[in-house]
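Okay, here we've got a single chain as structure tokens, the form predicted on its own, with questions on binding and movement later.
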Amino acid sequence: MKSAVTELLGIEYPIFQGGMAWIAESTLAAAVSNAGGLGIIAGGSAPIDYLREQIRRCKSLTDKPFGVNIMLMSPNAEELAQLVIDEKVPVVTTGAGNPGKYMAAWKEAGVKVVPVIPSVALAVRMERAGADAVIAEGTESGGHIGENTTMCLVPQVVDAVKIPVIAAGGIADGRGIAASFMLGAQGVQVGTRFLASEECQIHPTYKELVVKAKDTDSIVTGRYTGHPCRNVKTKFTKKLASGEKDGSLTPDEFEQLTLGSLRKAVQDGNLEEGSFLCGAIAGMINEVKPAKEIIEEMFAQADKLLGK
């Protein structure tokens, strides 16, 4: 499927794999890129030496374009911004802040810049700053979320900017891709569906939670901290939600409890203390498959629907 996004990035399918912290590493990114999409390595707050190793490992596993996601609020954002230049990473996606201060250096190095945005205002600002495209991410997505839904956000962003818009949040099959294109998007970003890919390196307990999730099994916690997050419902997240609701947990106590909780989920499968970040679409995911099969199935279905 060709679009402005495939032309811009030199990829076969207009699909990004989400830059999920602690999850999106070289094995998954390379598998998605080899399948014709854009694999992404998550920067998060990981040590620079580790990220350099991941970037180089990804290059050894694929000769296709891939990207790195930079959370701009991370303490190592500046180092990582330079690392992607030094390592000649073709694409950068950004979140949690404004990448304006790095834009000139990235553009000079030939890096394509695609910020994740939760609002029309930020999309317009990113276009003015020189972004090549934007990812309009709705509240249905896993992890840190905005408040606007994908269905409402995407067409408004499409109307407000001239650069390509990539839809994200609540997309797990070809129907989601077709709907995104009907809303004016030129591509999609998918995270939760790739949690249930064979190449995703998360703990088996995490994968099992995603595959067994029903439509009502996602929960948002942390709104009162200013950093709302969508997770799979577990005893731990119910405890957080209850403490937030009745005031028995202060925002500071909430932050302390959740410190390191994503790592505990991803690496240890710790149901007592882990945050299993996951989108609201998980109820549609019923089996683990190779990333290539996931992408080909999604686009075969989308092509059929858009052909109508």
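Quick caveat: nothing in here was measured; it's all calculated off a predicted structure. Counting begins at 1, following the sequence as shown.
Keep in mind that the form predicted in complex with a small molecule is not shown, yet the notes after this line are about it.
Student: When the contact criterion is heavy atoms within 4.5 Å, does A29 count as touching the small molecule in the predicted bound form?
Tutor: Flag for A29 set to no.
Student: Does M151 reach the small molecule in the predicted bound form if we count a contact as any heavy atom within 4.5 Å?
Tutor: Result no; M151 lies far from the small molecule in the predicted bound form.
Student: Whether K107 contacts the small molecule in the predicted bound form should be assessed with a 4.5 Å heavy atom distance threshold; does it?
Tutor: No, K107 is distant from the partner.
Student: Consider G97 of the chain shown here, and say whether it contacts the small molecule in the predicted bound form, taking contact as heavy atoms within 4.5 Å.
Tutor: G97: contacts the small molecule in the predicted bound form.
Student: Going by heavy atom distances of 4.5 angstroms or less, which of V111, V116, A131, V158 would be at the interface with the small molecule in the predicted bound form?
Tutor: Filtering the options by heavy-atom distance leaves V116.
Student: Taking 4.5 Å between heavy atoms as the contact cutoff, choose which of V84, M71, A213, C200 touches the small molecule in the predicted bound form.
Tutor: When the small molecule is considered in the predicted bound form, the option within 4.5 Å is M71.
Student: In the predicted bound form, which of 231-239, 177-185, 216-224, 135-143 comes within 4.5 Å of the small molecule (heavy atoms)?
Tutor: Contact criterion met by 135-143 only.
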